[in-house]
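What follows is a single chain, given as structure tokens, in the form predicted on its own.
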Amino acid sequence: MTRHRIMVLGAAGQVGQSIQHLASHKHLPENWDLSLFSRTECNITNPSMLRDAIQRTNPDLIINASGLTNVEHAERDENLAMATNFHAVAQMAAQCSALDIPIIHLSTDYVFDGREHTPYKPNDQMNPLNTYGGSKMMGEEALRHEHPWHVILRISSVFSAFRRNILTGALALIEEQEELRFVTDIVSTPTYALDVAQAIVTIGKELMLGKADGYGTFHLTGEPIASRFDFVEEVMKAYEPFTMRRPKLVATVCAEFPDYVRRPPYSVMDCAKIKATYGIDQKSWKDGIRDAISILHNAGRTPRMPR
């Protein structure tokens, strides 16, 4: 059996840790040898460090799960957002082109402006509203321009049992606050990071087998459509067996937060293409919430927020 060297950038992030979770439960192909790189092992904003890591690993596939995903941070530091989400991706594309290997790259629903009222298709026009979305769009374009053997996987509102995210943040607030205020005027389709990791494995296996029609841009999200209020309401329901806390949940709108970074009000994405190409179905983010809380509980990391 031919062995494949799989390089994972962003190993300490939600999707990176989810890939490691799958590996620890023997849910990766037996012939995959993972090379894991967090920011400590490879700071992707350092061009020589990134180039050396790729050349030293000499991978058969790169999974880029790295990036600056904090929307507020990106808005405050545009240079870092561009260095991480654009320039580093452009260099990855150049290295993959030189080595003649495929890359799976994670992007976002925030490349769209949210002015539509039907789910966005992968080839719909991009028009980001903020620095984060703009930097991710430019990273996508760099990949398309530089290297045809790419899979751009757009995901949305990612959550998991790992790191700080919309789920773990909500759990912390449940323990700390008497009243929780979340908006109802922004809707998307939250995505469980373990579902993303499983999709990456499916895609990677097919690419390693030589799937010629597997490249391009794809959407992968959970279902159904939800506002952040809807999401937190479901978190509270799933968390009830693990806490005595019952804070009041209040619906609000973005206008009540004057420093709120502009976000697409509707960023629901059409996932038909990934189903047709790879047979990957959308999964329920509600099931993902319950699974993530179970992982936290089994690891002894509830009720307090995981670090």
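Computed from a predicted structure; not experimentally measured. One-based numbering along the sequence shown.
From this point on, the text means the form predicted together with a small molecule, which you will not see here.
Only one of 129 to 137, 211 to 219, 232 to 240, 143 to 151 lies within 4.5 Å of the small molecule in the model of the complex by heavy atoms, and it is 129 to 137.
158 is the sole member of 104, 74, 96, 158 with a non-hydrogen atom lying within 4.5 angstroms of the small molecule in the model of the complex. 39 is the sole member of 275, 245, 56, 39 with a non-hydrogen atom within 4.5 Å of the small molecule in the model of the complex. Residue contact check for residue 45: one or more of its heavy atoms lie within 4.5 Å of the small molecule in the model of the complex. At a distance threshold of 4.5 angstroms between non-hydrogen atoms, residue 188 is out of contact with the small molecule in the model of the complex.
Although the partner is absent here, residue 288 lies well away from the small molecule in the model of the complex, with no heavy atom inside 4.5 Å. Using a 4.5 Å cutoff between non-hydrogen atoms, residue 65 counts as a contact of the small molecule in the model of the complex.
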